[in-house]
Ligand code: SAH
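As a starting point, one isolated chain is supplied in structure tokens, in the form predicted on its own.
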Amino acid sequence: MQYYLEHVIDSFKHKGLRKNLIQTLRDKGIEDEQVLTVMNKIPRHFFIDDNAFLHYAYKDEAFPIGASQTISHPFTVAFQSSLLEIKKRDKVLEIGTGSGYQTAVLLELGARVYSIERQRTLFLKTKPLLSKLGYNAKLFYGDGYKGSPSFAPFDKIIVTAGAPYIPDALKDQLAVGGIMVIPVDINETTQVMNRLIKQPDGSFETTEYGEFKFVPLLENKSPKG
């Protein structure tokens, strides 16, 4: 696919910077070559608003995207995506569309993506962006804590904000054998990455994968613009 977005193109320079980023992710321990291949394909700079900051797109850093939200570190995106073990045609619920970058990664991995964003300004910006880039996901403006029961069950669920607890609604919407990846608060600024696998009896096998920093998943509040 040839990527164009208004006056921004995916140049040879961008491709070179992206290749270097992928090597950085390998050096930091990402081993899932399918995830790395997909991330090497996607122009992350298209998901950052200000052209003046395009040189930040291929650093392993988070970056503000408005509405007090950020585009996650590439390492975090790669790590969560790897834990999900996406298979072709998996139905994936994403809580926190944000810039749409993680959405694009999931789609390129072959998933069918249902994504919820509670910040209206981001929802209105990201929905047309993904469409312009040729990505077809079902995007919703709403409360991520409630998930999307109308489309459940989901093979995989990914939460891209720090949650104070794991919402029961999301557990209920995960298919048996399905995987949920969610960062859970251990204090106000730090989360532990959790991976849950739903068992036939409805219980969950839970594994923790170290500390990360996410913006908060706001609780019991109506969506805001």
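The shown structure was predicted, so the numbers you read here are calculated from the model rather than taken from an experiment. The numbering used is simple: start at 1 and walk along the sequence shown.
Keep in mind that the form predicted together with this ligand is not shown, yet the notes after this line are about it.
For the options L122, L107, L83, V92, the one in contact with this ligand in the predicted complex, meaning a heavy atom within 4.5 Å, is L122.
When this ligand is considered in the predicted complex, G142 lines it closely, a heavy atom lying within 4.5 Å. Using a 4.5 angstroms threshold between heavy atoms, Q191 stays clear of this ligand in the predicted complex. Under a 4.5 angstroms non-hydrogen atom cutoff, this ligand in the predicted complex has L217 among its neighbouring residues. Contact check for A161: a heavy atom falls within 4.5 Å of this ligand in the predicted complex. The partner is not drawn, yet in the predicted complex one stretch among 110 to 118, 131 to 139, 83 to 91, 149 to 157 has residues with heavy atoms inside 4.5 Å of this ligand: 110 to 118.
Using a 4.5 Å cut-off on any heavy atom, the residues of 83 to 111 that reach this ligand in the predicted complex are, in sequence order, E94, I95, G96, T97, G98, S99, G100, Y101, Q102.
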